[in-house]
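So this first bit is one chain, no partners, the form predicted alone, shown in structure tokens.
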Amino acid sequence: MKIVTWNINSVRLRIELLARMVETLRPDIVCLQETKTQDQHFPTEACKAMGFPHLAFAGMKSYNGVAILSRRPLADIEAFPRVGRADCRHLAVTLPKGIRLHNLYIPAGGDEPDPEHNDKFAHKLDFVAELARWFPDRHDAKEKLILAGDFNIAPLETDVWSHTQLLGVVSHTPIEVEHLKRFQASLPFTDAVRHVIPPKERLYSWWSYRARDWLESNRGRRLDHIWVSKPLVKKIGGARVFQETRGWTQPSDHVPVLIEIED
């Protein structure tokens, strides 16, 4: 079973890029973030034409939004408000064989890494802290769980182009990394991509639009993640960051991340 997560930065604007990615990677399930569309405008027919008859989505106008496209039946579809906000950042479904899949879009956090002076950063920290409490309350460590999405945090030194220069930049600050580690340890979860691709290797899934030549400068960050619970660790197969999409016409600043889970 191939699972892809991708912050697509507007599903309607980039529907052709989605189709191109699907044709290339042939995923069974796609988790999208930042879909930026209300549910009544979600491109359901286009997604079904790509081979995904089973859809779940929670969207709002212009901002946020999460969706799950699946070739396999989906059950128990739930959208969860986080930190008291119904801002369409957390969607969960149950896959066949009892696998519970969560699609998460953690807030970016703004520019200033100071929760006292930046409400967006405070919101981000509260969001991650709530997840760290919520998952062990909601789930048992013996359950088959997959968490996928744009976590907006690059935890490892090799997840950013310069650990030293980005220590004070939102997405790689020590306080964010510590919050993410607590969340990961809460059940606990295994970073499926780094389970396959060694942590010593530099790996990015996001490159800023501000770079004139993103590939030449290669100042990336690994913000997109897929985690699994203990019962699925031995079933992790391959993993891939599909960097090529960043060079497509009118791309998202994020690229798809794929893992394979043995059925």
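Heads up: residue numbers just count along the shown sequence, starting at 1. Treat the numbers as computed from the prediction; the structure is a model and nothing was measured.
The following text describes the form predicted together with the DNA, which does not appear among the structures shown.
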- Message: Quick check on residue 9: any heavy atom within 4.5 Å of the DNA in the predicted complex?
- Response: yes
- Applying a 4.5 Å heavy atom distance criterion, does residue 133 contact the DNA in the predicted complex? no
- in the predicted complex, residue 71 touching the DNA (heavy atom, 4.5 Å): no
- Message: Can you tell me whether residue 182 touches the DNA? I mean in the predicted complex, with a 4.5 angstroms heavy atom cut-off.
- Response: no
- Item | Within 4.5 Å of the DNA in the predicted complex, all of 36, 108 and 210 (non-hydrogen atom) | yes
- Which of 191-199, 56-64, 233-241, 42-50 sits within 4.5 Å of the DNA in the predicted complex, heavy atom basis: 56-64
- Note on the structure: Residue within 4.5 Å of the DNA in the predicted complex by heavy atom, from 102, 89, 124, 172, is 89
- Check each residue of 232-256 against the DNA in the predicted complex and list those with a heavy atom within 4.5 Å, in sequence order. 250
